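To begin, one chain is listed below as structure tokens, in the form predicted on its own.
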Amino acid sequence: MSHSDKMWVKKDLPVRVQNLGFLLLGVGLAAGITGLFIDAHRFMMNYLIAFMLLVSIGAGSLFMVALEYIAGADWSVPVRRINEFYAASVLFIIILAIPVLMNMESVFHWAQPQAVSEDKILKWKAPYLDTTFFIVRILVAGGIWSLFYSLLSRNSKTQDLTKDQNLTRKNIILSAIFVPIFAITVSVVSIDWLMSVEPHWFSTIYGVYFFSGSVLASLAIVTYTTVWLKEHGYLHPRMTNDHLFSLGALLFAFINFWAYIAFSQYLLIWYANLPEENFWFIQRWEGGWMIMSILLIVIHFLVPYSVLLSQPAKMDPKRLKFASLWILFAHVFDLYWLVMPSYHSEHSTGFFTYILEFGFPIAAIGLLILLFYFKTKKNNLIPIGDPKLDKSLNFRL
């Protein structure tokens, strides 16, 4: 047993974490399902938002696991297992997709045969926007993510027992194979499940936009979890605020990256001024959606940018927790902004939101808490078998 192992003893999380997860899941589902009796179509759109929240956090966390192996990073080893736990949500993507797949005509305009028959653009896109092909694509994407998650996490957990350094080399190879496949599949999933809600519109940068938001959201939930675990003595005592600074710096970097991609998408469409592209932004600049669009800039960029701008802020536990929760809210806000204008453009004018629309996102957060809690019951919170652990615990800026 190494010196690092002797200094750290696994402790189970308090049962109140489990209770919080069940509470959020129960309250969220109750509120979300109540919406079914008010407006079934809106109910499905709200479920889609929560589904993509889980997809984004799971996929983003899995990407961060792979990125660490490829980059050979040292500082992030003590928090990699947290990423692994949240990445486990990719195992449930196919199951959670079933409600949408069973109600595709309610969610996707292109899934309605009559709409396709009367629309030249949808006829042209029909070979891709086909319900069977759509289902195949999510099965393939979910299957690939689940496969790589299972292989990477299995090797990581086995290494806790065997201390076999070859498992790290295997995971580096797996990660190098996974990343380009991930780039393709995450783009396909974002186009299928978000952009095709408005099937007449297209954007060549949409996949990168979703990727940036997904990684930012996954970093936020991992940062909040890491700070909370460190404050309550569940992580290695040799971890310092220097490790927190690296998480804060990554958060700050992806806040800027998201803003850059969002502005680039807008600028290209505004400059070209083509009707088949700009109507999507015009739709979000009419009625109450103009306020939402302005708020998106403030909530998703200006506020977290300001909070994490200074160097001390990036290692301040209180600021990091606030910024992380704020970014998670901003990500849900962004998904709402992406999806719901299509609903309103068909069914109502202006902007109005039900309090019940918070239901499914709250349930999704509850599900993530429960997933994390039960993962910690069976696995170490830090990868004690990783050969870089000692070096990572000595990390200093």
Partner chain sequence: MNIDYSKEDIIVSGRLSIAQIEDLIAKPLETKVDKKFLIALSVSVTALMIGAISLGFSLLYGTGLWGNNQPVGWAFPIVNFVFWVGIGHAGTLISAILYLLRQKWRNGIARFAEAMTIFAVMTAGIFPIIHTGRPWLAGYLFPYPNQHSLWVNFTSPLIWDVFAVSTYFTVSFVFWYVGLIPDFATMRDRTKEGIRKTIYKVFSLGWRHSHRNWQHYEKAYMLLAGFATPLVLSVHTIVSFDFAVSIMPGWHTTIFPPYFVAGAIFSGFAMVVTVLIFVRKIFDLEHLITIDHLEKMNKIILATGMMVGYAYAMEFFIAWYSGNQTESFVFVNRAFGPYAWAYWIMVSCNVIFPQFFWIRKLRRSIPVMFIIVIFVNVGMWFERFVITITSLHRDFLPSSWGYYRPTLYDFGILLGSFGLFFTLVILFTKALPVVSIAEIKAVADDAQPSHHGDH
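Positions refer to the first chain, counted from 1. This is a predicted model, so every value here is computed, not measured.
There is another form of this protein, the form predicted in complex with its partner chain, and it is not shown here; the text below is about that form.
Undergrad: Would you check whether its partner chain, in the predicted bound form, lies within 4.5 angstroms of a non-hydrogen atom from each of 124, 276 and 387?
TA: Answer is yes for this spot.
Undergrad: In the predicted bound form, does residue 95 have a heavy atom within 4.5 Å of its partner chain?
TA: Residue 95: no contact with its partner chain in the predicted bound form.
Undergrad: Is residue 180 one of the residues lying within 4.5 Å of its partner chain in the predicted bound form, judged by heavy atom distances?
TA: Contact with its partner chain, yes.
Undergrad: Taking any heavy atom pair closer than or equal to 4.5 Å as contact, tell me whether residue 201 reaches its partner chain in the predicted bound form.
TA: Residue 201: contacts its partner chain in the predicted bound form.
Undergrad: Is there a non-hydrogen atom of residue 325 within 4.5 angstroms of a non-hydrogen atom of its partner chain in the predicted bound form?
TA: Outside the cut-off, so no.
Undergrad: Its partner chain isn't shown here, but in the predicted bound form, which of 97-105, 184-192, 83-91, 138-146 has heavy atoms within 4.5 Å of it?
TA: Single hit among the candidates: 184-192.
Undergrad: Quick one: of 307, 235, 261, 116, which gets a non-hydrogen atom within 4.5 angstroms of its partner chain in the predicted bound form?
TA: Selected option: 261.
Undergrad: Here the chain is shown alone; which of 293, 158, 150, 311 has a heavy atom within 4.5 Å of its partner chain in the predicted bound form?
TA: Answer to the contact question: 311.
Undergrad: For the heavy atom contacts within 4.5 Å of its partner chain in the predicted bound form, list the residues of 225-257 involved, in sequence order.
TA: Residues within 4.5 Å: 245, 246.
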